[in-house]
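In the block that follows, a single chain appears as structure tokens, in the form predicted alone.
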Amino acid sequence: MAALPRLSSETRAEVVVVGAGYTGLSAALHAASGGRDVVVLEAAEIGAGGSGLNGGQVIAGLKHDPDTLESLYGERVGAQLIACSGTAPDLVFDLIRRYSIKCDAVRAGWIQLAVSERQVGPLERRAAQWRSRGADTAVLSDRDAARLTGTARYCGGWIDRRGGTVQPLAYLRGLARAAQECGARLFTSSAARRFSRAGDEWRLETEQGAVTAKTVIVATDAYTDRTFNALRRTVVAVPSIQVATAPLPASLRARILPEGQSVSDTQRILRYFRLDASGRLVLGTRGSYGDVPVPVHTRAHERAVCDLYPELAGVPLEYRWGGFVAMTRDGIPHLHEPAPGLLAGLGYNGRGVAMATAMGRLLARRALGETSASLDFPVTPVQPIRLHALSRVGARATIQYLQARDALERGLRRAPARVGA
């Protein structure tokens, strides 16, 4: 897309959105299409954060099963979370069609697979719970899993046909263009450094300009900085790294994910993978890195590719990228309204393509004047995580520990049984 300007003067708007990821651009698009004058402030460039640097899986639902959500939050709120998260992929693919977004969108379904027999039962129950609520799901045997993925590493699982895939950066850029077409003004390299309240309005200052508006939507997710410090401390930013192989030869493409689904597994540090439009195998998992992942940071990814598909041992990894995922304490995304006219949505726990798009629409509906009660999504108070300063250290140590346990269990599953054992 064309280069966007930096905010370099004073301006006014009805709604100012901080952050141009899926949440922010969806909010801008829906608010602008609803008739509001919208300004978007992005600290870097469109796609520089997690929304442009993820694995492109469009997944329905949340980390918790539907029955668990109703048990934790009660029948009314649980039903809201189930309905909003369950229909989030519909919104993604509807926006793609409505605004002719070219992002290699494929809606062939999402598969979740068990790495051990003991995990098959919980996945079967998950499929049944969603099916009882009208979702198009099915249980997969180990043979089904092998047929649909081309690897025999899994013991079974389920398929959710609501899911799909997109090229994540192209989808994000498409949202940006659609928001502009609806009248939103987008500014990049325009980080919000200070914000203050003046009467019934908010003033956000950047390095070279400022914008005043009655409504502010904070949509910075894992990239929330100290400008919004209390909000920053409600999530833990965890790195997620993806790699892509060279395009696979036709003979392998015919056997590996032949029907085009995306896949996640049930390892403690889960692996997720799909084929892109060029026939590359794209695989991601949690990781640790600096600003840009380099080969030393993706050795586990190379091992994972060969573990799943030994026949790809000679196929090079041509691309490596990564961004941060915002994890919440309860595994649930949160919508906040800490002050009149100040809104925020964040914490997608690895399911941000669909859920962040849906959150953006929720935030826009509130900015357009709907009451909190009419949103059909809980508005919760901002509750910073205790000892948040230690969270990244703890997350890094936890990831390394769980990676070691996963590796040990993979080795045990492959080890031949001893005679007489």
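Residues carry their position along the shown sequence, with the first being 1. Remember, it's a predicted structure, so these values are computed and weren't measured experimentally.
Omitted here: the form predicted together with a small molecule. The next part is about that form.
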Does at least one non-hydrogen atom of Gly323 fall within 4.5 angstroms of the small molecule in the model of the complex?
-> yes
Using the partner position in the model of the complex, report whether Gly350 sits within 4.5 Å of the small molecule, counting heavy atoms only.
-> yes
In the model of the complex, does Phe228 have a heavy atom within 4.5 Å of the small molecule?
-> yes
Would Leu69 count as touching the small molecule in the model of the complex under a 4.5 Å heavy atom rule?
-> no
Which of these residues, Ala43, Ala32, Leu362, Leu62, gets a heavy atom within 4.5 Å of the small molecule in the model of the complex?
-> Ala43
Which of these residues, Trp130, Trp202, Tyr309, Tyr223, gets a heavy atom within 4.5 Å of the small molecule in the model of the complex?
-> Tyr223
Tell me the stretch among 208-216, 237-245, 152-160, 75-83 that has any heavy atom within 4.5 angstroms of the small molecule in the model of the complex.
-> 237-245
